[in-house]
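Shown here is one chain on its own, the form predicted alone, set out as structure tokens.
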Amino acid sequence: MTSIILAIVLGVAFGFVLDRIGATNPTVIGRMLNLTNLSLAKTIVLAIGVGSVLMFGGQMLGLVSVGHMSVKAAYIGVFIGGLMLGAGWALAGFCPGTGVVAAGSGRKDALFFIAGGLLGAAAYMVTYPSWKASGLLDSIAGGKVTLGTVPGSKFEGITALPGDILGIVLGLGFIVLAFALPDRLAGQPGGAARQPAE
């Protein structure tokens, strides 16, 4: 029961943060994707970096169990699915997590997004045998592997580099990138186009 309560509390807190940073607003997502406002992208990159440093640093210090580390298998279908998810995110302005939070905050358009996601998941389940038979779900590049070898992990590393240290270095790189990125890469503040000098 305690773990369920903790999951609810953490979920509500995470949803609150997602809403506060604008991740549940399709307009903010659109501005991020057209590179006119990178505030959300910088927040995402910073969160990935901090999370990586905390997770791998915690594993090195024995505060985080390596047994909790989950690695997804690499296969062609996951790359195709990632492209489809990205296209859907750009078109709808929501990804699965932000869509649920947006619905919880009262956005009615998010309800249609969730319904579409559920229909897509149902269609995938019904057609799963065909996808499996196509070979798109067969593991490639070693399947469930990590970039470096993580001590105590059941997953193989594709390099002999120490995985914990590599994770911390990559995390620090993400943190530096978050602070180095400009506020926008295209357009003017507010999205106005630059007028040529006369």
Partner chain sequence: MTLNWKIGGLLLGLVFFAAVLLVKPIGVSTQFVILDGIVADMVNPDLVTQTDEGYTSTNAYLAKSKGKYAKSVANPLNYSFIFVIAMVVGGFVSVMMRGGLDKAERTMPALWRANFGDSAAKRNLATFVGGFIVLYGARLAGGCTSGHMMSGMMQTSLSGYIFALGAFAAAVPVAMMLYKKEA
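From a predicted model like this one, the values you see are computed outputs, not experimental measurements. Positions refer to the first chain, counted from 1.
Omitted here: the form predicted in complex with its partner chain. The next part is about that form.
Colleague: Between the options Ala160, Ile140, Ala133, Leu61, which residue brings a heavy atom to within 4.5 Å of its partner chain in the model of the complex?
Modeller: If I apply the 4.5 Å criterion carefully, the residue I get is Ile140.
Colleague: Does its partner chain come within 4.5 Å of any heavy atom of Leu172 in the model of the complex?
Modeller: No, Leu172 sits far enough from its partner chain in the model of the complex that none of its heavy atoms falls within 4.5 Å.
Colleague: Taking the shortest heavy atom distance, is Gly152 within 4.5 Å of its partner chain in the model of the complex?
Modeller: Looking in the model of the complex, residue contacts with its partner chain do not include Gly152, since no heavy atom lies within 4.5 Å.
Colleague: In the model of the complex, which residues of 73 to 106 put a heavy atom within 4.5 Å of its partner chain?
Modeller: Contacting residues: Ala73, Ala74, Tyr75, Gly77, Val78, Phe79, Ile80, Gly81, Gly82, Leu83, Met84, Leu85, Gly86, Ala87, Gly88, Trp89, Ala90, Leu91, Ala92, Phe94, Cys95, Pro96, Gly97, Val100, Val101, Gly104, Ser105, Gly106.
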